[in-house]
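Structure 1 and structure 2 below are the same protein chain in two forms, each given by itself as C-alpha cells.
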Structure 1
C-alpha cells in the first residue's frame, strides 16, 4: 500500500491511498476522513453491480448510511442532462452539506460526480473510488471536474478537490482490456513529460504491465500519481507547471470532439502525443531516437499511432474551443527529450495539420 497527501494552496488537502486490496479497508479510511453520517454513491451500470454493494456495506460498518445513484455506463452519460437527473435525486434524498458524494467508477463518473458535488448546494464533500486505470492515475487527482457540451469534451466544469481518493489496483482485474490500455496512455504521457526513468521502466516491462502484474502495476500507478500530484499542487488553475500534463491532450481532445466522442480518450491522447512529438522533431527540439522510442512504446502498449479517416481540419476547428487557450493563443506542450517537457506558444494550426496528415499516411 502507498499513501500520499496532496496539499493545495487554496483547497484543503487530499489524501490518496493506493494498493492491491485497499478497498477492503475502505470503511477505515472513510471513517478517518469523514465527519458526516450520510453518503450518496454515484456510479454507473457496469461498476455499480460489481462494487456499489461492497462500498455501501463498508460504509454501514462505519455507521454511515449510503444511497446509490446509478447512471448508464459510457461517455454519453457525461452531460448536463445526467447532472440534472442527479440533482433531482439529491433533492429527493434531502441531501445537505453534510452529505458525502462518493464517485465510484471510471473517468466519466468521476468527472460527473465531482462536478455535481462542486455545484449542488455550492459544494458537497467529495470522495473518489476510481475503478479504471485512467481514473486512478489521472482524472481522480488534481481537482478538475467537467461534462461534455454540444459534442465538446469537458467544456463545462469546475476545479473541486476530493478530500480522499482510494485506488484499489485489484479492481483493475475486472476492467476490459481496451479500457485498461486507455489508462496506459496517461502513464506514458506522465513518463514522457517528467520521468525518463519511468519511461525506461515501461519500455522494459510493457508486456508485464499489459498482463497487470500486481507489484509492477502498484509501482507505476503510484509513480504516475506522484507526477500529477507534484505538478498540480503548485498550480491548481493551469497557469504554469500543470500545463505540462496536457501533453497530447490539445490534439487528443480535438480528436475526441471531431469524431463525436467515438474515439476513446487513451487512443486520442496516444495519437495526440505522437503528433506533438512529430512537431517537436520538425522544430529540431526532439531527437529522432526519442521520437522512435515513443512511437514504439505506444504501439507495443496496443495504442494507435493514427486514427483512420480522421479529418485534420475538424480537429483544428475543435481545438479552437480548447479550454487552455488564452487570448487566442494555444499553450502547446512539447518534449525536449523523454522526461523533459515545456510549454510552447509557437505551434500553429498548420503544424498540427501536417503532423496529423503524416500520421494518416
Structure 2
C-alpha cells in the first residue's frame, strides 16, 4: 500500500490511498478522513454492477447507509441532463452537507460526480474511487470537474477537491483492454515529462504492465499519481507546471476533434507525444535515441505512432480553436530528454503539420 497527502494552495488537502485490495478497507479510510453518516454513491452501469455492492456493504459494516445512483456508462452521460437527474435524486434523498458524494467509476463518473458535488448546496464532501487506469493516474487527481456542453468537451466545470481518493489496483482486472491501454498512454506521458526512472521501469517491464502484474502496477500507478499531484498542486489553474501535463495533448486534442472523437484519447495523445518529440528532435532539443525509445515504448504498449488517413490541416484548425491558445500563441510542451520537459512558444502550425506527416525517422 502507498499513501500520499497533497496540499492545495486553496485551503484543502486530499489524501490518496492506492494499493491492491485497499477498497476492502474503504470505510475505515473514509472514517479517518471525515465523520460520515450517509453517502450517495454515483456510478455507471458497468462499474456499479461490479463494485457498488461491495462499497455499500463495506460502508454498512461501519454503520454508514449509502444510496446508489447509476448512470448509463459512457461519455454520453457526461452532460448537464445527467447532472440534473442526480440533483433531483439528491433532493429526493434529502441530501445535506453531511452527505458524502462517492464517485465510483472512470473519469466520466469522476468528472460528473465531482461537478455535482461541487455545485449542490454549494458543495458536498467528495470522495473518489477511480476504477479505470486513466481515472486512477489522472482524472481523480488535481481537482478539475466538468461536463460536456453542446458538443464541447468539459465546457462547463469547476475546481473542486475530493478529500480522499481510494485507488484499488485490484479493480483494474475487470477493465477492458482498450481502456487499460488508454490509461497506459497517460502513464507514458507522465514518465516522459517528469520521471526518467519511471520511463525506464516501463521500458523494462511493459509486457508485465500489460499483463496487469500487481506489484508492478502498484509502483507505477503510485509514481504517476505523484507526478500529477506535484504538477497539479504546484499550480492549480492551468498555468506553468500544470501545463507540462499537456504533453501530447495539444496535438492529441486536435486529432480527437479532427476525427470527430473516433480516435480514442490514449491513441490520440500517443500520436501527439510522438509528433511533439519529433518537433523537439528537429529543434535539436531532444536526442535521436530518446525519440526512438519513446516510439518503441508507445508501440510496445499497443498504442499507434500515427493515425491512418489523418488530415493534418484539420488537426491544426482544431488546435487553433483549442482553449489553451492564448493571444494566438500555442503553449506547446516539449521534452528535452525522457523525464524532462518545458513549455515552448516556438512551435508553429507548420512544424506540427510536418511532424504529423513524418512516418519514419
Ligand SMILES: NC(=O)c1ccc[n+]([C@@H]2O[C@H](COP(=O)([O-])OP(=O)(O)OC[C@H]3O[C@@H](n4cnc5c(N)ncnc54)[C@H](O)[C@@H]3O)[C@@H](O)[C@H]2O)c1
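Whichever C-alpha set is largest while still superposing within 1.5 Å between the two forms counts as the rigid core. Residue numbers count along the first chain shown, from 1. Computed from a predicted structure; not experimentally measured.
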ask   = Given structures 1 and 2, which represents the form predicted in complex with the named molecule?
value = 2
inquiry  = Using the rigid core as the reference frame, would you say residue 42 shifts its C-alpha by 2 Å or more between structures 1 and 2?
reply    = no
task = Return yes or no for residue 24: a CA shift of at least 2 Å between structures 1 and 2, with the rigid core superposed?
result = no
key: Core-aligned CA displacement of residue 313 at least 2 Å between structures 1 and 2   = yes
